[in-house]
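First, one chain by itself in structure tokens, the form predicted alone.
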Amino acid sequence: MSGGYLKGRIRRDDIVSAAAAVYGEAGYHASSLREIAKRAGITHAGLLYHFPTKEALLAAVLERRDAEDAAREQLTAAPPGLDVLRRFIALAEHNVRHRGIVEVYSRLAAEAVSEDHPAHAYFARHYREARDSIAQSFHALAETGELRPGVDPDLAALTFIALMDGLQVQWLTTPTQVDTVGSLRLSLQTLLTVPLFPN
């Protein structure tokens, strides 16, 4: 790897980190590339060299978050079942230790409900993939008798993802009053006929 290439990668990483911080504070629409460049310690022209549009930079911020989540929790590597549910709980545990990324995600998700937002397609895909992953696990658990009778796996998956995101927003508002991880564990356990986590 050449020194120039490495410096470029480091510079891009610095810009993405600065963008994530600014988006978390001001949101996507209220942020500016000039402010992000200033935070990253480069010129506006230098930022545009790496990210020619505001949309391209937003995509890089979201891609980094997905890559970090997937690498840390291996959400896509586990076969459907209890392990997938446990990995979502581990992701929630990670998130409560990293408030900044939760702020960025929550603010962008709220902004992206508008179809003309550049991250709208990203969040639509993200939610669909998360629901599908949980639904597949609930279907697998139903087949083995580990999901309570009468629980609709697809509806339970939709409810779990909504609960996870809703709890994150409440936690951001009143962190000392909201036990995100405990609430998610309780919710999942009420759906199961076996312990979510062995004693």
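Just count from 1 along the sequence shown to find any residue number. Here the structure is a predicted model, which means the values were calculated and not measured.
Keep in mind the form predicted together with another copy of the chain is missing from the figure; the text below concerns it.
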Legend entry - Answer option from Ile42, Leu33, Ile161, Ala140, heavy atom within 4.5 Å of another copy of the chain in the predicted bound form: Ile161
Inset, instruction - Can you work out whether another copy of the chain is within 4.5 angstroms of a heavy atom in all three of Ala59, Asp66 and Leu91 in the predicted bound form? - result: no
Legend entry - Contact label in the predicted bound form: Asp13 to another copy of the chain, heavy atom within 4.5 Å: no
Inset, instruction - May I ask you to state whether Ala37 is within 4.5 Å of another copy of the chain in the predicted bound form, using heavy atom distances? - result: no
Inset, instruction - Evaluate Leu48 for contact with another copy of the chain in the predicted bound form, applying a 4.5 angstroms cut-off between non-hydrogen atoms, and reply yes or no. - result: no
Legend entry - Ala156 within 4.5 Å of another copy of the chain in the predicted bound form, heavy atoms: yes
Legend entry - Residues of 122 to 149 having any heavy atom within 4.5 Å of another copy of the chain in the predicted bound form, listed in sequence order: Phe123, Ala124, Tyr127, Arg128, Arg131, Arg148
